[in-house]
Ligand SMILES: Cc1ncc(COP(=O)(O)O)c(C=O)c1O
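Just the one chain here, laid out as structure tokens, in the form predicted alone.
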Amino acid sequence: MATMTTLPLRLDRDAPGPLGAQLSSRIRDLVVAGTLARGDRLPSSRALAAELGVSRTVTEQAYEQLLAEGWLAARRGSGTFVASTVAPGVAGPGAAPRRRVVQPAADLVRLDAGTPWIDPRHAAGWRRAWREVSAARPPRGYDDPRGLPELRAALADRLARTRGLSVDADEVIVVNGTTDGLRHLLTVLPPGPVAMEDPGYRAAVETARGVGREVRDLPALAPVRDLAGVAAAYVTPAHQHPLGRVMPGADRVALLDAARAADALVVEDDYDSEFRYDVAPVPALASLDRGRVAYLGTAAKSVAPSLRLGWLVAPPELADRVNARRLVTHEGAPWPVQRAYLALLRDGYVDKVVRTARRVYAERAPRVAAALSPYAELAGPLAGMYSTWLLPAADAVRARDAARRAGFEVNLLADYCRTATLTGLVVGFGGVTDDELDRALVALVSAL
């Protein structure tokens, strides 16, 4: 049996003409616009009259008119149904523009820079964490916008252990990923542009623009010595995205000096520092100046991008502003995700997947290098879940297109640039199987 459709109708009693004619016109417009589709069952004339606050005569007149025009059909014992709709692409008077349906591209395997390798042998730990969430009682209302106290304590312990960043649990703010943390920071900062690495993380650039900030380009490979006139500088010092360079110690000192001179905030996106396999992880930039650097971390590169979970450690005054704003806007991270991640940390799941992924990346990175080094120049050290290769634009496009024909999506370096003129490929090897990686490399090499 067809479900009865609720009609989004409102009658204007002050308009000229009979209400029955007005009602039939409103229903006709809904059919023409596609809001009512063929086969939709309409309310009975009695029910619609009661809903609109009119006499049944008004609704009966409207239905009779539309039945005569062929828009509706009556089925004995069943009700009144939409009998006809406008042909695709044909719009009638008062019809709303039809929404264009964007067809998804071919199902390509993405060799991107942000999808991690998760060993399927650890699936039991993942399921166990979510079973624990299902048995837990959620908060009665909105919980602490800073995040679960137990999770903030676990994150503070992890930051001290893995990043050399000694913080209290109360200094950690749980956010919905690094771009969410960046957005909160930029919302509470004084007015002014944001300096951002070029080439750099595209989502961060769009986040800055989305909150109305002008973006000023920082050449990614040059020391930063002047930040005059900017409110903040966003950097990825442990593994520059996407070139892969580690910011040298002297450049870190120069950046902090420039930030102090300009009274600007440095925002450190520490997105994949856990995946060094050439040397030990470089300490966080924030460990050099807690009062000048806001630190952003994420679960996306270690557990899953779809968790949309990250953490922010900001200078106290800024942290207070962020927390006060989130208290009003209820923009805390989802409670179930926080509980699950707490269980994953507590039970050692995160440490296991990081160790396993680090070994996998350490094995895959040289394979990628062996395949591509005869044709392209490596932009930075082999680390993390991707490597970036410099080569002429035409060669990069040809290789990208060959990969697509083989069923793979590989990003162009030029897509990460704004004023920079670097060209090449950014080849991720985290979110694929060994067989997929090998087939993708064959396609790239065949084009090069």
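Numbers for residues come from their place in the sequence shown, where the first is 1. From a predicted model like this one, the values you see are computed outputs, not experimental measurements.
Heads up, the form predicted in complex with this ligand isn't pictured, but that's what we're talking about next.
**Q** Given a 4.5 Å cut-off on heavy atoms, tell me which of 154-162, 248-256, 328-336, 266-274 is the interface stretch with this ligand in the predicted complex.
**A** Flagged stretch: 266-274.
**Q** When this ligand is placed as it is in the predicted complex, are Arg121, Thr356 and Gly430 each within 4.5 Å of it, taking any non-hydrogen atom of the residue?
**A** No, because Arg121, Thr356 and Gly430 lack any heavy atom that approaches this ligand to within 4.5 Å in the predicted complex.
**Q** Under a 4.5 Å heavy atom criterion, is Tyr201 part of the interface with this ligand in the predicted complex?
**A** Yes, contact at 4.5 Å.
**Q** Check Leu227 for me: does it contact this ligand in the predicted complex (non-hydrogen atoms, 4.5 angstroms)?
**A** Contact with this ligand, no.
**Q** Tell me, yes or no, whether Gly177 is in contact with this ligand in the predicted complex, where a contact means a heavy atom of each within 4.5 Å.
**A** Gly177: yes, in contact with this ligand in the predicted complex.
**Q** Any of the heavy atoms of His184 lying within 4.5 Å of this ligand in the predicted complex?
**A** Contact check for His184: no, nothing within 4.5 Å of this ligand in the predicted complex.
**Q** Only one of Ala343, Ile173, Ala300, Val205 gets a heavy atom within 4.5 Å of this ligand in the predicted complex. Which one?
**A** For this set of options, the contacting one is Ala300.
**Q** Which one of Arg308, Arg321, Arg367, Arg290 is close to this ligand in the predicted complex, taking close to mean a heavy atom within 4.5 Å?
**A** Going through each option in turn, the one that passes is Arg308.
**Q** Looking at this ligand in the predicted complex, which residues in 224-252 have at least one heavy atom within 4.5 Å of it?
**A** Contacting residues: Tyr234, Thr236, His241.
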